[in-house]
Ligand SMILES: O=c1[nH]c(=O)c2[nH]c(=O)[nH]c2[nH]1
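Okay, here we've got a single chain as structure tokens, the form predicted on its own, with questions on binding and movement later.
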């Protein structure tokens, strides 16, 4: 939330930034010639002392949003020296989306005295390395599905909030799901069942325990590996063992199991938020006056729908000790 100022007896909040700054970056390995590629969609929001721009048309304290865009692209080439294109140029070594977001936030809060807080959001497009005849291709990529996300909130005094996430993680299992014992009233027509399809598109975000820049080590941080590990725990918990799976009594129960599994597996994650819409596949039964059974549903033919759908979301956090 932006800080509030009082102007003419009224409360005023403001921030400004640049949205949807798209940048791609290639790194080339000196050892084996392999290329690494990322495509990022960057959003920057600055909380700053620039009230005169609003009330007196004085722009002398404004960081131009065009400057923000160019910073992203340059910084990705020489890492930790100099707005999105500029910073893209600065990173000569491969960096994770989280590290780049921290780098951008540090740049804006340290370079401009009037900027008190930087909020950086980045979505990584899911380009994946392809394999040809079982061999990973050195410079070939295909577009995947789910997206790696991050948000960094950094204050000038060094206070940090770092969140990673996954968006668009589509999961489906054709059995081992049911829904029973819910409230029934005059408007309820949904039958109870212990056999149904369960499909969802997971949006998850988890916050790390880092509270300041000083609490982050200077060595390898492994954010990309942690993202893949968290995603694996979410997927494994949703499906269960390969042969028998795991029964889901509701989307709510499965969501909680997934969140609890992440906190149990990763001690440096302080909280996780999950949003899991219940995407319906409706049983198909077809009949007519002359043919009462054109298609009889036997857990085999479904009508896929995407709206309306159930909306289920929750967050799970560690309770800090008061000792």
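Numbering follows the first chain given and starts at 1. It should be emphasised that the depicted structure is a prediction, and the values quoted were computed from it without experimental measurement.
Beyond what is shown, the protein has a form predicted in complex with this ligand; the following relates to that form.
Colleague: Does this chain block this ligand or leave room for it once its pose in the predicted bound form is superposed onto the site C-alphas (blocked: 3 or more ligand atoms within 2.4 Å of backbone or C-beta; open: none)?
Modeller: Open: no clash with the backbone or C-beta atoms.
Colleague: Do residue 129 and this ligand come within 4.5 Å of each other in the predicted bound form, heavy atoms counted?
Modeller: Output for residue 129 is no: heavy atoms all beyond 4.5 Å of this ligand.
Colleague: State yes or no: in the predicted bound form, is some non-hydrogen atom of residue 278 no more than 4.5 angstroms from a non-hydrogen atom of this ligand?
Modeller: Output for residue 278 is yes: heavy atoms within 4.5 Å of this ligand.
Colleague: Examine residue 122 and determine whether its closest non-hydrogen atom to this ligand in the predicted bound form is within 4.5 angstroms.
Modeller: Taking the distances in the predicted bound form, the answer for residue 122 is no, it never comes within 4.5 Å of this ligand.
Colleague: Would residue 179 sit within 4.5 Å of this ligand in the predicted bound form, counting heavy atoms only?
Modeller: Contact check for residue 179: yes, within 4.5 Å of this ligand in the predicted bound form.
Colleague: Only one of 196, 94, 231, 207 comes within 4.5 Å of this ligand in the predicted bound form by heavy atoms, so just point that one out.
Modeller: Checked against the cut-off, the match is 196.
Colleague: So this ligand isn't shown here. In the predicted bound form, which residue out of 224, 250, 203, 237 has a non-hydrogen atom within 4.5 Å of it?
Modeller: So the residue touching this ligand in the predicted bound form, by this definition, is 250.
Colleague: Just one of 294 to 302, 31 to 39, 250 to 258, 265 to 273 has residues with a heavy atom within 4.5 Å of this ligand in the predicted bound form, so point it out.
Modeller: In short, 250 to 258.
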